[in-house]
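One protein chain, two forms: both are listed below as structure tokens, the first as structure 1 and the second as structure 2.
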Structure 1
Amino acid sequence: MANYPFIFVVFAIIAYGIAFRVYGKWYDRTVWKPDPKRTTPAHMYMDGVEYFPVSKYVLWGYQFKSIAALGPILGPFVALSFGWLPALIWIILGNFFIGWLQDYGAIMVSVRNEGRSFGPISYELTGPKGRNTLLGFLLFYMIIISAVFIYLVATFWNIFPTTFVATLGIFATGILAGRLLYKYRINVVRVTILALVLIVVSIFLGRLLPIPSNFLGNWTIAFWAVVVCGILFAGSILPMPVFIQPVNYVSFFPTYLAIILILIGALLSPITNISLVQASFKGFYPDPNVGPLWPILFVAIACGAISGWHSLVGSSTTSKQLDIETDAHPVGAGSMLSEGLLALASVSCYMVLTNDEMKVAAEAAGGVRNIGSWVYGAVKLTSAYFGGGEAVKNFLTTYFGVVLVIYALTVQALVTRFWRLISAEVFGQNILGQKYPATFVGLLIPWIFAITGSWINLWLYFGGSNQLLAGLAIMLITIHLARVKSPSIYTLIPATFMIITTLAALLWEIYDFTRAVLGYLGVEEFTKFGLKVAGPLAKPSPDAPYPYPTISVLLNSVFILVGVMLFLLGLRMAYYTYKAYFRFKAEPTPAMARESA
């Protein structure tokens, strides 16, 4: 059994069960002490638009689909540079001690503060300077995450020719479902059944109507990125019930089914005889293009163990829909641990591929090893118990390729919408704070980054900023707990670890981009490092010159500046959060204050 993914999947599922049922329940009773009789903001300010109570089962599905993206899917491949064992350990321990505490805590902090998001909460806890610093950090953070997801979706459509039409079909299904549910009031069960049928039809249509790869040559990725931005623009400006809500609802079914199918394949691996073939540990610094195990591993797996994005979703939307306080634990902790299962499924996909199979997957995916390997590994694990025929493998290849697109697009639609809302808060009545210009700028800048940046460096920038946001979010949770005199040590330690680790990772990435630019400019110590670009500006072959070297140098220099800004804003925000924490910690409890008086 030890040579199969079976044993590790079983161990991780047991660990997650203990985190939810044992540690989670104890923490719930000890720290937050939720009261089912306390009125939540969903009831207090119910308007049927933003504030409204939702069943915990429905809210769990919404929370999961709003947080689960490509972090737990593609991040483990980068972490595989160190071996699958470090990745597996971080996915399990990160979730157990940090991830779900942040997701649950973000919801509860907002609920206990009248449903306010982290912007106004940070103002109250850290002052106007802390709040402004956090908002500035969020703008840079969202540029990076948008660049990563725009590039990846464009790449998915290019390397999996059958996925574009299928994606359009599923999104159209979501919009149709929204109309049937909200305008015509048709029963949700009937609408769901219809949506499931149309999802299958969409996948078959994708196979019948493939779009050729590289049909525009080097500019194909740039074209697909424009199409992505068009969809995201619509998602940002249209009302939630028209686009994002129904599309996310419909998308939940194929994306969560993918997790179940892969994990079933891993559990059946002793029967299907699919064994572990990747190295368990490759060293602390095996690849200079990736970096050292610490801090890079902890930002490479973005979202699979912990994610700052989750705190934005929990505090900005989920908290406003919580029916009773006791629902926060199953919704927040349950959805995070479910995303941990997605990361576990992804590691299983990579564990079972030989190096030769990864090369074949890379060739099939246009040289992009991580994307091709996830789909190839998922097909290998699942087709083994579906009969293994070519027709089955072809259908599953399209299906898992579409799943990648949906995971990215549905969450990125929320990111773009949040960018618009935060821009309005930062810039006010200025043109950059207005609905359409803010959305346009929030997509144009990431589009430029997406088609000119190295994927792995964009990914690690995203991971570093995302995990730093997680550390800052946990600190805000810790400050609230210190203010109300609840135990805060269980969040203070994880917050400190994440802040130090992610600041170090950002420094590494700044150094990495700097040495690439200096190497291209001919600085002797760095001449072995080339520019880090992708898309139309990349080399057509390893020995070819860059087609637009001046632009490439300038854009890589911009990446250096973005990294410096992220680092400085994160460091400044950390200062304000720790300052506020120690201030509240030093304040006497109400009982002590009365005695001293």
Structure 2
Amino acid sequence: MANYPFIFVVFAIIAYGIAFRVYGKWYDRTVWKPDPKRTTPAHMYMDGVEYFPVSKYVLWGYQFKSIAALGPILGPFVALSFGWLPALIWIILGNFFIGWLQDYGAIMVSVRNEGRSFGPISYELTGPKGRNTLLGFLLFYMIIISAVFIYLVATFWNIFPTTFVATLGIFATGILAGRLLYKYRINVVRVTILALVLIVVSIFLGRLLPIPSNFLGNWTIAFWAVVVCGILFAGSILPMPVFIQPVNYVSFFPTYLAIILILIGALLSPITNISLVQASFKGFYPDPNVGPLWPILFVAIACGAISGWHSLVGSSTTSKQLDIETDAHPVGAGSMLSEGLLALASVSCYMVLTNDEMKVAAEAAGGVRNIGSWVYGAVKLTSAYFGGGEAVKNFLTTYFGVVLVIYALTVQALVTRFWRLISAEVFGQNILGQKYPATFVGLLIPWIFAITGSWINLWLYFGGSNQLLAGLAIMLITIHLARVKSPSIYTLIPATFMIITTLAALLWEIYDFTRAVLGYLGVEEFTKFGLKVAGPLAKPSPDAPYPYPTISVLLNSVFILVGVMLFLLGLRMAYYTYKAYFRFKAEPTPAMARESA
């Protein structure tokens, strides 16, 4: 029994149940003391557009949808290097002690600060420098996310030849649905049914029209990445109602169905007899290319345990629509804990694959690590209860493949748009602050990063900055609590842990790139580390020289620079947050603050 994915789910349900019911209730009573009678911003500033009360169910659905994306699905694959047990423990304990506190806290801080989002809150709590640092940090964070997602989509299209046409089909369906809803205002149920039919048709169409893997040789990924950027450019430039919104809407159905199917697969695993075949523990430093368990594991598994992105979501919209304060707990904590469940089901997808199956996945990916494994695992888990025929497996492979693509693309479309907005803020009237140039730059840099192919490092940069953002968000929550003289220790410790861990992880990544560069430049002890490049930049064979050594070394150096920037900005922000924390901590209880607490 202990060897089935089933136990992951059961474990999670028990642990998260305790987190929600016991620790959560106690924490609530001790720290936030939500009061259903206190007027929330949704009522105070009700305008029916941004501020208006929404039922907790709707809000839960919205919050969950906004936070549960690719992070919990893809993150755990890096954890494979360490075995499933560390991943399991981190996802459960991380979420238990850190994850939900952040999501919930972010909503509450915002609710108690007139529904303001994180930019203004950071300004208020850490001053203009704090906010500017956060702004700069986010700018790099966006580049890294973009690079990761662009790379992922390009790779998925390459690994799963049937997914490209299917993706186009689903996007076309989205745009069509948008037209039907916006222009012709056809009943949403009808449009949805039509869209679902068209999505199925798209998947079949994808199977009919596969595009061969590596059809452009080394340049394939680079080519696909250009296509991705093209779509993202359109997504960022076109009005939201034309592109992003309707595509997001129709994508919701296949992607969440996939989650449900995997959860069912995991729950049914004892019956379908699919067990965990990967090792439970592989050591603290099993692979020099990945790095040591601490801090790497903690940044590799991003969203399932904790994620900085969530605080942006919670404070940006959810807090403005909270009907009563006591809804924040089910909405914020509830959706985060549910995401943990999803992450665990996802981890199990990797763990049910045998090494041979992994190899197939890796080979399909052109020798790149096990990035496509999730699809194989998901197919294994689900096809087991669907009957398991070849046709079903083929269909499911395209299906899960395209689900990954859509997850990545829809989130990335928002990110690219967000990049544009941040650019406008940072660069102002400068050319880089303008719509088209900003979007172009926001895609070009990630594209260059993406095609270098140092995927693991990119992911770890992403995880590192994302988790660092989480740490900083928890610090902001902590500062607020210190200011209003509520117990802050329960967030201060997790925040400190996250900040130290993520800064260490960033340092490790900088070190990783540095030794690659130094090795190439002839520093003896590092010569065994190759440059971190792939695709057209990679060596054609292990003994051959690099085809574009200057570019490759340069790119690796840029990665060092990006890492340093992320590290420094993170450190600076951490400095401001701690400074503010101690300042507020030392202040005698101000009457005003007590009231607003």
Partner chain sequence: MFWKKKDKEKEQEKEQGSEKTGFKKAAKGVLYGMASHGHVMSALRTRMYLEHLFMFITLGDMLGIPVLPPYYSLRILPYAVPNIKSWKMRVFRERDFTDAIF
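For residue numbers, the reference is structure 1: its sequence is counted from 1. What we label the rigid core is the largest C-alpha set whose atoms superpose within 1.5 Å from one form to the other. Being a predicted model, the structure only gives us computed values, none of them experimental.
Can you tell which of the two structures I gave is the form predicted together with the partner chain?
Of the two forms shown, it is structure 2 that corresponds to the form predicted together with the partner chain, while structure 1 does not.
Taking the rigid core as the superposition reference, indicate whether the CA of Arg572 shifts 2 angstroms or more between structure 1 and structure 2.
Shift at Arg572: below 2 Å after core fit.
Taking the rigid core as reference, does Ser311 move its C-alpha 2 Å or further between structure 1 and structure 2?
True for Ser311: a C-alpha shift of 2 Å or more.
Shift of Ser55 between structure 1 and structure 2 at or above 2 Å (CA, core fit):
Moves: yes, 2 Å or greater.
Rigid core fit between structure 1 and structure 2: Cα deviation of Ala106 in angstrom
Displacement of the C-alpha, rigid core superposed: 2.9 Å.
Asp323: how big is its Cα shift between structure 1 and structure 2, in Å, with the core superposed?
After core superposition, the C-alpha of Asp323 moves 5.9 Å between structure 1 and structure 2.
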